[in-house]
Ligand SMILES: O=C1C=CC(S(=O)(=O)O)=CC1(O)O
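Read the single chain below, which is given as C-alpha cells and is the form predicted alone.
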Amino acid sequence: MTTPPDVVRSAYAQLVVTDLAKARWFWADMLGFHIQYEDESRLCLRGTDELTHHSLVLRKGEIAALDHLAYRVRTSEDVDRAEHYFTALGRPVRRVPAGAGTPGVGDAVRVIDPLGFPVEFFHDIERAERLIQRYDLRRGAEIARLDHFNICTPDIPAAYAHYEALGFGCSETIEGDEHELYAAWMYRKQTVHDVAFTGGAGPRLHHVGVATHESHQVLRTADLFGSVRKEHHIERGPGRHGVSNAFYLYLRDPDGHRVEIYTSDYYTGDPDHEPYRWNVHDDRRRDFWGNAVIESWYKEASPVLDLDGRPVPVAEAVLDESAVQVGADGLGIVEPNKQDG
C-alpha cells in the first residue's frame, strides 16, 4: 500500500476573482490581510500571525472559482509521497516545480483528489517578516491566520474515508438517528478542523475560514461593513456555532466567495480525543442560540477548477438532506413544531 504524505495543516487557498481591485478592497482593506506580494494578475495575502509567504492567493480570471486548496506537508519527501499516493489512486497528478506555480511556494504536487477537488501539497515556502506585534499595521478585522476550508461534497462518507486515510482526525460530526453522516470536521493541526465537509452538490467550495483572536474583532467586522454602507456583504451572523463552539460571521466577497471570520474553538491534540457527535435534529447544531440560517448559506458555493483551469462538473448529493433541512456546515433549518423532544 502506498504511503500517504504527512500533512501538517491547511496552508492556503487560491481563489479566482474577476476584479482584482475590488478583491483587494474586500480582503486587504476591510478584512485586514497583509499584502505580501502583488503583480498585475494576483495578490498574495497573509494574516498577522503567519510567518509564511501567504495563506490566501487571489488570481485574476474570467470565472470566479476555487483554483486550488493547499496543504503543507512535513518534509520534501512527503511531496514525492503525495505524487506517488495519488498516482496509485488513479487521480490526475501534476508536478509544479519551484518558480512555476504560486509565488513563494517551492516544489509542489497538484492533484484532483477522489472528491474532485484541486489540491496542492508542498513543503518549502518562503518565510515572511514577523508581524505579530506590528499593531501599527493592523486594520479591518485584524485577521490572524487561515483556519480551515469547508467543502461541499455529495458523498460525506467518501470524504471522511479519504481524509482519514491521509491521517486526519475527526473532532465533530452531524449524524442522523441511524448514524448516517451529514457533515464532519477533520483536523491535522490541533484545533477543531483543517477541513469540513458539507453534504450537497459538489465539488464546490463552501467557504474559507480565517481566524481572529477575539470575538470583538468579529463584531467589529460587521460594524465596519455597516459603516461604509456595504452591509450587503454580510450573509450570516454574528453568532456562535454549536459545532466547534466558535464565534462567527459569514461574508461574501465581490465575486460571491464566502469567508468565515472565526474565533474561540478548542484544542484537539490529545491522542485519545473523541469526536463529539451532534444529532441532525438538534437545533443548536447550526447556531448555538437557535438563530435561523438563510437559504443562500446552504445552497450557494463557489465552483472549482481542474488542473487545466476548466470548471469541474457538479454531482448531486447521495444523501437527501432536504428531509431534515440540513444546511452547509451540517447546520440547517428545522421547521417549527418538527423538532425532536
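Note that this is a predicted model, so its numbers are computed, not measured. Numbers for residues come from their place in the sequence shown, where the first is 1.
Below, we turn to the form predicted together with the ligand, even though it does not appear here.
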is_contact(residue 236, the ligand) in the model of the complex, heavy atom dist at most 4.5 Å: yes
Even though the ligand is not shown here, does residue 140 get within 4.5 Å of it in the model of the complex, heavy atoms only? no
Distance check, residue 243 to the ligand in the model of the complex, heavy atom within 4.5 Å: yes
Mark residue 257 yes when one of its heavy atoms lies within 4.5 Å of a heavy atom of the ligand in the model of the complex, and no otherwise. no
Just give me the single entry in 42, 34, 285, 53 that has a non-hydrogen atom within 4.5 angstroms of the ligand in the model of the complex. 285
So the ligand isn't shown here. In the model of the complex, which residue out of 82, 196, 108, 146 has a non-hydrogen atom within 4.5 Å of it? 196
Specify the contacting stretch among 161-169, 243-251, 125-133, 95-103, defined as having any heavy atom within 4.5 Å of the ligand in the model of the complex. 243-251
Site check 185, 262 and 297: each within 4.5 Å of the ligand in the model of the complex by heavy atom: yes
So which residues in 205-226, when you check the ligand in the model of the complex, have a heavy atom no farther than 4.5 Å from it? 207
